[in-house]
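Below you will find one chain, with nothing else, as C-alpha cells; this is the form predicted on its own, and questions on how it binds or moves follow later.
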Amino acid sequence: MNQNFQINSKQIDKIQKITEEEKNFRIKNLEIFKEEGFPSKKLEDWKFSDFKRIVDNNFDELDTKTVVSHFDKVDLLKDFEHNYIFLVNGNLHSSNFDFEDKNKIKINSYDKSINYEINKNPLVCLNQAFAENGYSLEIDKNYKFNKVLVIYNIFTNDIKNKILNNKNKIRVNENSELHTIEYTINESKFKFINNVLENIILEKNSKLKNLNIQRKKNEGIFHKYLKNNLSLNSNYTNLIFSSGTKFNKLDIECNLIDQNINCNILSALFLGNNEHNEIKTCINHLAPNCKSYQQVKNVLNSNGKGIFQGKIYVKDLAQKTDAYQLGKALLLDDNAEFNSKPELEIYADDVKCSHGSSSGSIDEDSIYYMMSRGLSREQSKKLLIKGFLSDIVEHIKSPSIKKFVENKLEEQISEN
C-alpha cells in the first residue's frame, strides 16, 4: 500500500449518527481493505487494471477526509429541457424537478441504511468503511418522468490527493419510468480518486435508462461499483460514453431476479493518449425468460487502453435465457491496447447465449475510397470512426439528446 496513505478506525469514530452495528461493519470493511490493500494484478478481476500501480505512480500522498468546497453554480445544459441534481464532490448540493409532480419524487442526501454484505472488491470495502456522502432517489409507483433527469457530477478545482468515497441509491417503484444522464464536470487539474458504490433497484414493470458522459478530458481516477437488482418485467439500459479520464473502471453487477427482464449495457468510447478505461460486467440470469444484451466498442489512439470483461451467469432455473455480449475495438496506433475477456457460466439447458470479440486497425481501402471522392485523409478517418461508434448512439431515441452525444463524441475525436 502507498506508504503515505495512512488510515485507521479513528476516522470512523468521527462519523456522526451511526449505530454500533454500522460502526462495527465499517471497521470490518476497513480491516479487510488494510489486509488486501489497493487491488493489483494478483486479483483476477483486476488483471488488466493494476490499481495499486496506478496509485503508486500518481500519488505521493492521499487522504480520505471529507471535502467541503466553495461551489459556483455551473451553467445548465441548453441542448434539451431537463430536471437536475447537483452533486459537488459527491455531496448532494441541490435539485430541481420543476417538470415533474414533486410529490412522486423523494430525493435525500446519502442513505445510511446499509446492506451488511461484504464484497470481495477492496475498493468497495474502502467505500463501505468511509462513505458519508452521496444521494438517495426514489420514484413512487405509477409515475413516468416527463423530462430526463441530468445528474451534474461536479468536482471542484481544489480537489487534490483525495479519495472521495460516495454512496448512491436509486429506486424506481412499480410501473414507473426514469431516464437519467450522469454528466461529469471535473474542474480540478489535479489527480484524485472518486470511489463510488451505487445501488439501483427496479421494481415490477419499471424502466430505467441511464447515460454516462463527461464534459472534457481530465486527470481524475474513477471507480464505480454498480449493483442493479431487476424485478419482474423491468427494463434496464446503461449507455456509456465516458471517455476522457486518466483512469475509469465501471464494475457492473446485474441481478435478473424474476421473469421477463430486459437488461442492456452499451458503450462507445474514444480513448486517447494514456487514457485507461475498463468496463467489467456480471449479468446474473436467476429466473426464466430474460434477455441481456451487451455491446462495448472502443476506438483507441496512441497508448490508449480499453478493457471489457463480460460475464454471463445462467442459473439452472433460468430456462429460455437469451444472452449476448460483444466487444469490438478499432486500433489507430500500434501502441494502443484492447483486452477482452468474455465468460459464460451456464447451468440451464434451454438457453441462447453467445459472445464475441474482435479488434483491428482502420480499413485503408475505405480511407482510399473516401479520399478518391474528395475527402482528406483526416476527414475520412473521422468518418470511419463515427460510423464505427454510431450503432451505439442510435439507441438514444430523443433527437436532441442524440445530437448532444454526437457533438461530445465529435469533440473527443477532434481532441485526439
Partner chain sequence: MLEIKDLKASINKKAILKGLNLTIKPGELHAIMGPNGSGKSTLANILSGKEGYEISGELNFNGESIKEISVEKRAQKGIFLAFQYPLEIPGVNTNNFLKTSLNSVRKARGEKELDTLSFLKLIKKTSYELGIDEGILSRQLNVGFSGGEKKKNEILQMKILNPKLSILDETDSGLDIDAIKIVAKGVNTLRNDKKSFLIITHYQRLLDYIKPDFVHVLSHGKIVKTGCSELAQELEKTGYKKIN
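Just so we're clear, the structure is a prediction, and the values are computed from it rather than from any experiment. Residue numbers count along the first chain shown, from 1.
Keep in mind the form predicted together with the partner chain is missing from the figure; the text below concerns it.
> Which among 378-386, 353-361, 53-61, 40-48 is in contact with the partner chain in the model of the complex, heavy atoms within 4.5 angstroms?
It is 378-386 that comes within 4.5 Å of the partner.
> So, Asp365 and the partner chain: in the model of the complex, are they within 4.5 Å at any heavy atom pair?
So Asp365 counts as contacting the partner chain.
> Taking heavy atoms and a 4.5 Å cut-off, does Tyr347 contact the partner chain in the model of the complex?
Contact check for Tyr347: no, nothing within 4.5 Å of the partner chain in the model of the complex.
> Against the partner chain in the model of the complex, would His70 count as a contact residue? Criterion: heavy atoms within 4.5 Å.
No, His70 sits far enough from the partner chain in the model of the complex that none of its heavy atoms falls within 4.5 Å.
> Examine Met371 and determine whether its closest non-hydrogen atom to the partner chain in the model of the complex is within 4.5 angstroms.
The answer is yes: Met371 has a heavy atom within 4.5 Å of the partner chain.
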